[in-house]
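Listed next as structure tokens is one chain, alone, in the form predicted alone.
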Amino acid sequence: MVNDVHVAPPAPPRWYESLFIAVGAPFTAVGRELRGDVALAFAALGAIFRGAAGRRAVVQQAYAVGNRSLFFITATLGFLGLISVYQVATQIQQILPDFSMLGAAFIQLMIREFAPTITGLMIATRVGSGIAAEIGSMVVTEQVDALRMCNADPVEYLVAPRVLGSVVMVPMLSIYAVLVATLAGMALGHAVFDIPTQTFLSLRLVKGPDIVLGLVKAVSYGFWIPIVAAHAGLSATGGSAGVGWATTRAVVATSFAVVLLDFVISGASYVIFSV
């Protein structure tokens, strides 16, 4: 006759243990995502340096990132230039009606901050979601597994061309964004506040560090947006619902990555160039 062994149920976690679990769970999830993003970034860099990213695939991805985003960037940065100049000029007109430095300050701010960052956010929403949806669909339909079975690295075929195309095109789009916003702001300033074109198109405040900072931000955004979006797509599970969730996660994660990179790079530039 076998004696029944009664095992006591585990004690429920104490309130402070539950608190630690609730607070630590988001940080654990973020750390797991960051680790996956960094690992994918190193794998993509290795594929690029090996020359595994085909030239034709890179050109196709550059076209998808750059040419198909022109209207989006033109409309967004054009309106941003109009709104910014109108708001600032209105305030200047009420306090001290001197517009001699408006154009110079506006162009400097566009080069340093608004043009690369707003462009990065636009690319994150348009291109990042597309990358996550495309790769996620390939994952749930087992096309990525088919690539692995054929001894083909999915990072070389799916991620590296997108990263290289984005790194090339996002700085170009940022330069184009500066041009569009400046022309829009100049037109409004001349039409509404009678600011001479030569006065608005002043580069007296633009220094070398401003240009370097804007380009560094654009290149960083161009590299990390496809990395984060591709990682979200490669993590998709559960059919079409999983693809939708991966797309949503990609938009949120890439937008957050742009904001975080902007903060880190701006802080680092302040420390470097102020020494």
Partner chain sequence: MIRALDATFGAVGRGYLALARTVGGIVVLFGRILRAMVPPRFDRDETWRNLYDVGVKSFPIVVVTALFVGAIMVIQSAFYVKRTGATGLLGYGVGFSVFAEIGPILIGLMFSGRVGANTTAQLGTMVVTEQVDALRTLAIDPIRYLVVPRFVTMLLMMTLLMVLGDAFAVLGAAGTADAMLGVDWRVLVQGLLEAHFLDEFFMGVVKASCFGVSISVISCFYGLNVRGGAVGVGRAVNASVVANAAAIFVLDFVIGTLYTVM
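All values derive from a computational prediction rather than experimental measurement. Positions refer to the first chain, counted from 1.
Beyond what is shown, the protein has a form predicted in complex with its partner chain; the following relates to that form.
Annotated contacts: 54, 74 and 218 are all free of its partner chain in the predicted complex [non-hydrogen atom within 4.5 angstroms]. Contact between residue 191 and its partner chain in the predicted complex is not found at the 4.5 Å heavy atom cutoff. Interface residue remark: residue 245 is counted as part of the site for its partner chain in the predicted complex, having a heavy atom within 4.5 Å. Residue 241 belongs to the set of residues with a heavy atom inside 4.5 Å of its partner chain in the predicted complex.
When contacts are judged by a 4.5 Å heavy atom cut-off, residue 86 counts as touching its partner chain in the predicted complex. In the predicted complex, its partner chain lies beyond 4.5 angstroms of every heavy atom of every residue of 150-183.
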